[in-house]
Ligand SMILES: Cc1ncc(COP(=O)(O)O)c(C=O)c1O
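The chain below stands alone and is given in structure tokens; this is the form predicted on its own.
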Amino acid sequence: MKRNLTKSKEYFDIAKRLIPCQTQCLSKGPTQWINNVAPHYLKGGKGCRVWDVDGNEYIDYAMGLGPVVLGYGNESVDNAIKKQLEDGISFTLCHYLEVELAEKLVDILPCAEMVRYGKNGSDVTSAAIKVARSYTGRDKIIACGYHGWQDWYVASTERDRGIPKVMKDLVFTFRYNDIEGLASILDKNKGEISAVIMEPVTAIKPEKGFLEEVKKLTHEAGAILIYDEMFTGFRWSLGGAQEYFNVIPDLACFGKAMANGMPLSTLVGKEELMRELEKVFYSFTFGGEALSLAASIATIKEIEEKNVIEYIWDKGQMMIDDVKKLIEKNGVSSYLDIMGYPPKSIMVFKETGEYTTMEMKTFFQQECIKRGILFIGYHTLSLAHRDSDIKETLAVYDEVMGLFKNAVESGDLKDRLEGPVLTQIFKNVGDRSAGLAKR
């Protein structure tokens, strides 16, 4: 069960000298994975499994933090990338695949009448905010959920160093399902709100009529409704959560699963709004990079032809149902629960008074990783997760839940930790979906 992490630690020591935070994405860094137990660096992946630089194998449920919906090394997508690679990657003029993918996105995404591309989610959420501000002539925005690293959004969080204080006066947040909270902000800022941007759903299910009422209030206030569908896009349905719930926003931002791991995002929406991008400055060299466009076209084709959405709903429901059974079997319902939807379910740890949620999550992650499960706290299943992988995972969860219960009830959970306790990247952002509003 003890894994050799020699090479991983060697790379990590070098990274501490050369790379601030030792990572390019905080969710992949050392604050989110228990040091001395979790590998710091991966080398490769195939299907739903990954291997670290020391050769240790793990079943992965984060799948690149959401993008890998078909599995690592999907043959159809990889072949599309290789084929395009023979013709080139980036060019002096636009590439024809920009048009071919745009035609497909307009066909399958309900709100899409026009399309622009980005590389990260932050690219297109920021473009959406610029469009809304340009169109309405207003500066203030209201957010619900997590929307990337750009100043306009991060000013609303505690990680606001380096951001002009004036930005904090331009962004407000409300908690998911709190329609009165949204109404109050709109009422106090009449005629000043340019947009409401929100994740249409996370682990918390929308109360009846909530999404419809958000849209109604937003439009009555003369503001633009923007959906951040980074996680829900190409998972909840082919057309995202807006298709699943049949509530269509004015603009929407997609990324992650649209290219099975290649860096691509897109802003789509009504033509009247998207035409603002002919006045708003939104331009960068790699916006039309061809390998990612080819990967996206191939990914969407695979999703359609292999009924991937139906598959991950089926296997995700299996995961939820069986984890609930294990929670009851092991008598840990006072400390642990699973919630969310089959495309993305979340393990929820409950504070005991003696232990924090992060201390409990750290212990659970530690024991799962030692047994070959790369546990991050949620499950984003892919086409590559087979029944055998899920059964192997459930067997590990069963064993770990027994250890978890014993550690909590014996009062020595912290003594059993083999590394530092995980920390939250943001203290409040997750709670905007679950309950705590800010500002």
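None of the values given here were measured: they were computed from a predicted structure. All residue numbers refer to positions in the sequence shown, first residue = 1.
Keep in mind that the form predicted together with the ligand is missing from the display, and what follows is about it.
S.K.: Quick one: which of 224-232, 302-310, 132-140, 186-194 gets within 4.5 Å of the ligand in the model of the complex, going by heavy atoms?
M.R.: Single hit among the candidates: 224-232.
S.K.: Is there a heavy atom of residue 199 lying 4.5 Å or less from a heavy atom of the ligand in the model of the complex?
M.R.: Looking in the model of the complex, residue contacts with the ligand include residue 199, since a heavy atom lies within 4.5 Å.
S.K.: If we define contact as a non-hydrogen atom of the residue within 4.5 angstroms of the partner, is residue 122 a contact of the ligand in the model of the complex?
M.R.: Residue 122: yes, in contact with the ligand in the model of the complex.
S.K.: Look up in the model of the complex whether residue 148 has a non-hydrogen atom within 4.5 angstroms of the ligand, and give yes or no.
M.R.: Answer yes; at least one heavy atom of residue 148 falls within 4.5 Å of the ligand in the model of the complex.
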